[in-house]
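Just one chain follows, in the form predicted on its own, and it is written as C-alpha cells.
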Amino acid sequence: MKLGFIGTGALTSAIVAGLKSLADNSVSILLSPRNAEIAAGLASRYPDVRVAGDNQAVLDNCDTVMLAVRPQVAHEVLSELRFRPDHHVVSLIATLSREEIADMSAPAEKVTKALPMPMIAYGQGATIICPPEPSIAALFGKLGKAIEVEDESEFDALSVVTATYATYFKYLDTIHGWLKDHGVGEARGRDYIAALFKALAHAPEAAPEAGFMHLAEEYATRGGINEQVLRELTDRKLFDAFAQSLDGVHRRISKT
C-alpha cells in the first residue's frame, strides 16, 4: 500500500505514529504539506515518511489516500485535486457524508469513511469504518480495534461518541480541582485520578455481558456515597442535558 494524507494535523500524526510503531511498519507514507511543521517533524522521525510538494503530488504517487482536512475547507481543497478511478479514498472527515466525499473525489470508485481516535498513536481505542472494507479494517486493526459498520446512519450515531472526549477530561479536571481545593497536592491528585479511572475503564471488558447501568448500580451501594452523587446529578437532570448535547452533535453530523 502506498498511503497518502491530504491534511497533516493531529489525527494524521497519530495514525503515522501508530503505523510506524509496529514491528512491520513497511507502509510507505506521503504527507500533504498543508501543515509544514507537523509534516516536516514526521518526515524527520521516520525514514520512509516523505512530504509531497503539493496535495496533487500526494494523489499522483499513492493508491490509498486519507482525507484529513477540516470540514470547513474540504470543498475548497478537494475541488482543486484530480483523483483517479483506481484511488481508494478514505475520509476521516466526520461531518461530511460518504456521498459528499464521493462527489468531491470523483472519478475515484472506492470511498470509505473511517473515524479513528488520537490514542491510535499508542495502539489503543477503536476505529469505525463504513462500509466494511478488509484492507482498511486490517490497517486500523493493527492500531486498536476496528469496527466495520454497514449502515451510514449507524456510523453517524457512533461518530457522536467522539464528541465526548473533552467533556470526559473536564469531568476529571473538576474532580482534580476539588481535590486541590481540599489540600491534596496537584501531582498526587492527578496520579490517583488517572489510576482510578484507568482501572474503571477495564470494568466493561471484565464483565462483557453487563450493561453500563448495571455497572453503575453495582458501584452505587444503597445508602453509599456513589449512590448519593449519582442521585443528585440525576435529579438535577445533568444526564438529560448531556443527552440533548449528543442530539445536537448528531443533527450536525447527519444533517437531520
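All residue numbers refer to positions in the sequence shown, first residue = 1. Keep in mind that what you see is a predicted model, and the values were worked out from it rather than measured.
Absent from the display: the form predicted together with a small molecule. The rest refers to it.
Inset, instruction - Indicate whether the small molecule has at least one heavy atom within 4.5 Å of a heavy atom of residue 73 in the predicted bound form. - result: Flag for residue 73 set to yes.
Legend entry - is_contact(residue 89, the small molecule) in the predicted bound form, heavy atom dist at most 4.5 Å: Outside the cut-off, so no.
Inset, instruction - With heavy atoms only and a cut-off of 4.5 Å, decide whether residue 233 touches the small molecule in the predicted bound form. - result: No, residue 233 stays farther than 4.5 Å from the small molecule in the predicted bound form.
Legend entry - 4.5 Å heavy atom contact, residue 68 and the small molecule in the predicted bound form: Contact check for residue 68: yes, within 4.5 Å of the small molecule in the predicted bound form.
Inset, instruction - Answer with one of 184, 158, 163, 117: the residue that has a non-hydrogen atom within 4.5 Å of the small molecule in the predicted bound form. - result: The residue from 184, 158, 163, 117 that makes the contact is 117.
Inset, instruction - Scan 93, 147, 104, 108 and let me know which has any heavy atom within 4.5 Å of the small molecule in the predicted bound form. - result: Contact residue from the list: 93.
Legend entry - Segment that reaches the small molecule in the predicted bound form - one of 171-179, 148-156, 109-117, 128-136, heavy atoms within 4.5 Å: Comparing against the small molecule in the predicted bound form, the contact stretch is 109-117.
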